[in-house]
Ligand code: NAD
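Only one chain is given next, in C-alpha cells, and it is the form predicted alone.
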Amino acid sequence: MAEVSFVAQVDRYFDKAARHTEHPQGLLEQIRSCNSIYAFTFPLRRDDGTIEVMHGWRAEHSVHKLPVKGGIRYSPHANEDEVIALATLMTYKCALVDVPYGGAKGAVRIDRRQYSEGELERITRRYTFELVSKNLIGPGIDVPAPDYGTGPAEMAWIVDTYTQLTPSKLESAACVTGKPLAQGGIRGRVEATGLGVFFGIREACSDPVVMQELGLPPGLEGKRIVVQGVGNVGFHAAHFLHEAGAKIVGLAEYNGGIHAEDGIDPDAATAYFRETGSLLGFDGATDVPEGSKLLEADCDVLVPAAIENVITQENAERVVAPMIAEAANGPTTAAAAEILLERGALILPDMYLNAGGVTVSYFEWLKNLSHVRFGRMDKRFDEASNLRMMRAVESLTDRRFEQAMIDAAVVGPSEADLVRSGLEDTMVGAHHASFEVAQRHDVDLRTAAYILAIDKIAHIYAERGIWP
C-alpha cells in the first residue's frame, strides 16, 4: 500500500469503517467532508525591526454540533492538508468520547524556537485578531486549545485579546481552553492528555484476554515502555505509567534519545532535557543519537507521543512492540498500520487514546460558562456527610476511629479530583465501547472507533431531521 496524504489517510480509515454501517452514501459523504478551511497571512515585525509574513490556518470540519473545538499548533511543517486532517480527527474524537463539539484545528507555520517571547505574543494576538474578524472564535462558535508548539501562555494571550475585542461578552473566558488557572483554567488540564493515555494503556493491559493474545502478562507492573516525545503529552504519559509500576526503558526526542533496560526515571530525564535541551548524556542511560531508532526498540508498549507519520511503511517492519499506543495525532500511516496489524500488533488509536485533552477542555469550558469552580458547591457538604456516616458507624459499633483516619476518609473532592474522575470515566467507557464494537464487527480498534463515531454523528443528523 502506497503512502498517501494525511487527509487521504483519515478518509481511508473512514471509508473502511463506513462499510460496516448502513447509513446512506450521501450522509456518509456529509460526515466526512470538511465544512470550511480558512487560510490567511499577516505581517510580524521582528525584534530587529524587519517584517516577516506569517501563514496561518483554521479549519472547521463539522458543525453538526457547536461550538467546534480544536487546538492551535505552531509548527514549521504546518500546512493546509495537516490542518484539515487534524480537524477531521477532532470531529470523530469528540463524537467517540461524547464531548458535544464539532471538530476544528488551527496552525501557524513557524518554528517557535526561532522567535522571542515578545514575537510569539505578537503572532498569537494577531492570529486571534484574524479569528475574531472572521467569526472563527467564540464560546458558542469555535473554541481553540493548546497543541504542538503552544501552551497556557498562548491561550492566555488569546483570551486576553478576545476579551479586549469583545468587551461585552460575560462568557469570554470560554473562548479558549488550556488557560492558566488565574485566567479561568482548570486544575488537571496540563496533564489531561497524558493521563488519558495512561488510562487507555492501563485498561488494555488489564484485559487478560488481550494480553494473552499479545503474549504478555496482564497488568502494568513491569511492562517495558518506550515513549517517543517528552513534551507535555509524552512526559505525563511516562510519569503516570512509571508511577503505576511500568518500566520506561526508552525516551526519544527530535535530537536524540536514551535507553536503559533497567528503567529510566521520566521525571528526572525530562528535567534534564529541559535544562540541557537534549536527553543525550543523561546519567544511567545509553545514548541513542538517532532518536527515531527507539521506535524499533524491543519493548512491550511503544508510545509515539510527538508528531504525525513517525511509523511509516519504511520502518513498520522493524517496529517489534506488540502494542502501539498512539498518544500523538496520526503517528502511524495507513500503510504502516496495515503492516503492524498483519503481524498481530494491537494499535490503541489516536482518536481515542489522546482524547483526554479535549475531555478536560470540555470541563474547563463548562466551568467558564457556569462561573463556578468544580467542587465549590458540594465539597464541604460531602465532607460533613462523610463525617456523619463515620460517627454513625462509631455509635453502632462502639468503635472510635483515630483522627488521622477520619481526616483522610471524610475529605470532599477537589476540582482536580473531580476532573480526574470524569476523565477516567470517559476513557474507560470509550475503551470498552471500542473493544465491544471491534469484537462484534471483527475489526481493529481504529476501525471500531470510527464506526462508533460515524454512528453517533449520523444519529445527531437524524434527530435534527436533516437526514431520514
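Numbering starts at 1 and runs along the sequence shown. Note that the coordinates shown come from a computational prediction; the quantities given were computed from them, not determined experimentally.
The form predicted in complex with nicotinamide-adenine-dinucleotide is left out here; the points below concern that form.
Stretch 299 to 307 is the answer when you ask which of 198 to 206, 299 to 307, 116 to 124, 217 to 225 has residues with heavy atoms within 4.5 Å of nicotinamide-adenine-dinucleotide in the model of the complex.
With a 4.5 Å cutoff on heavy atoms, R189 counts as touching nicotinamide-adenine-dinucleotide in the model of the complex.
Residue contact check for A104: none of its heavy atoms lie within 4.5 Å of nicotinamide-adenine-dinucleotide in the model of the complex. Although the partner is absent here, V176 sits far enough away that none of its heavy atoms falls within 4.5 Å of nicotinamide-adenine-dinucleotide in the model of the complex. Heavy atoms of G149 reach within 4.5 Å of nicotinamide-adenine-dinucleotide in the model of the complex, making it an interface residue. This chain lacks the partner; the member of W157, Y362, F240, F273 within 4.5 angstroms of nicotinamide-adenine-dinucleotide in the model of the complex by a non-hydrogen atom is F273. V233 is the sole member of L131, A95, V233, A85 with a non-hydrogen atom within 4.5 Å of nicotinamide-adenine-dinucleotide in the model of the complex. Along 320 to 337, residues A327, A328, N329 each place a heavy atom within 4.5 Å of nicotinamide-adenine-dinucleotide in the model of the complex.
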